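Here we start with a single chain on its own, the form predicted on its own, put down as C-alpha cells.
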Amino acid sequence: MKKPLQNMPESALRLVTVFAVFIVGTIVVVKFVIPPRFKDTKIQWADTVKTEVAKPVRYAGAVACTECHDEIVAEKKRGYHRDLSCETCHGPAMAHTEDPDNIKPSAPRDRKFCPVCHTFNPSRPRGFPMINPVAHNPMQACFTCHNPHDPKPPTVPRECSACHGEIARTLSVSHHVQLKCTTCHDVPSRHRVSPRVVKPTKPSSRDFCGKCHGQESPYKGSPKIDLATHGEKYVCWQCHYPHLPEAE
C-alpha cells in the first residue's frame, strides 16, 4: 500500500514542501534572528520612556506663566483665547522660566502668524472669526486693533458677510440677493459678539416661505405655488437652498 505522499501529485508535493520550509524558516527567524527588543512590548515601552526622558524639557506649561504674569493670564481667561496655551503663540518657554531676564519668549508681531488660524477656510466651524488677510486692514499688524490676550474687535462687524463670506458670495448671484438677512433670520445683538453661543433664528415651517411664494401672497414678482400640494410633506429647504433657491 502506497503512502499518502506517494499518491500526491508532484506539483502538490512541491507546494507542501515550500510551505513547510516557509513555516520552519519563519519560526527560526522569529525565535533566533529577531532581537528580543523587537518582540517584547515591555522592552519597547522602556526604551521609548528612556528616549523621551532624555530629551531636554522645552515647554514650561501654562501654570508656570501665572507666577509672573498673573494679570495677563487672568485677562486671557476672560477672552476668546482662553482655551489656548500661552506657548501656542509664544513658543517653548522653559528656558525663559529658568533665566527670565536674559531669555525672552517670542512674541509674534507680523501679519503672518494670526492668519494661520484666522484666514478664511470653509472647513472651519461657522461663526469662527475668519478674514481675508489681503483685504482686512492691509499692511497693519493684527495687534494694532486686537489685544492678543482678549482679541475682541474694536467694533463688532455690522455686515453679516464679515463672518459669513461664503454665504454672502452665494447670495450675490441668487434671486434672494435683494433680501436682507434679517428678512428670514432674527439676529440677537449678542450674536455679533458671541456668534457661537448666541445663534440667529432659522425658519422652521413651510408657511414662512409661503408668505412670499404661496398663492395667497400679496408680493408681486415672486414664484407662486400651492402649499397644499407642492412638495407634499417636505419642508421647502429640503429641495431649495435658501441662499440660492433655484429648483433642483
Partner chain sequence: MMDRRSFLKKLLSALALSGGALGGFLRGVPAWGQAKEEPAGKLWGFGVSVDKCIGCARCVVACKTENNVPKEPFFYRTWVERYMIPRTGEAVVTNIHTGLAPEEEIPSRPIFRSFFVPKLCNQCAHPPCVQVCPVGATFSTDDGVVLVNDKTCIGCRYCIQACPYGARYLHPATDTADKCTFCYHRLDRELLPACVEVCPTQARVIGDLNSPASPMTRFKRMNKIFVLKPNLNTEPKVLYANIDGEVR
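Owing to the predicted nature of the structure, the values given are computational and were not obtained by experimental measurement. By rigid core we mean the largest C-alpha set that fits within 1.5 Å across both forms. Residue numbers count along the first chain shown, from 1.
The form predicted together with its partner chain is left out here; the points below concern that form.
Among 79, 153, 100, 92, the residue placing a heavy atom within 4.5 Å of its partner chain in the predicted complex is 92. Contact annotation: of the candidates 199, 58, 69, 185, the single residue with a non-hydrogen atom within 4.5 angstroms of its partner chain in the predicted complex is 58. Looking at 177 to 185, 22 to 30, 49 to 57, 204 to 212, the stretch with residues near its partner chain in the predicted complex, meaning non-hydrogen atoms within 4.5 angstroms, turns out to be 49 to 57. Though the partner is left out of this view, residue 88 does reach within 4.5 Å of its partner chain in the predicted complex, counting heavy atoms only.
Mapping the unseen interface onto this chain, residue 193 falls outside it, with no heavy atom inside 4.5 Å of its partner chain in the predicted complex. Put simply, residue 137 is far from its partner chain in the predicted complex: not one heavy atom of it is within 4.5 Å. Proximity of residue 41 to its partner chain in the predicted complex falls within the 4.5 Å heavy atom cutoff. Contacts with its partner chain in the predicted complex, taken as any heavy atom within 4.5 Å, map within 122 to 153 to 122, 123, 124, 125, 128. With the core held fixed, the Cα of residue 173 is displaced between the shown form and the other one by 2 Å or more.
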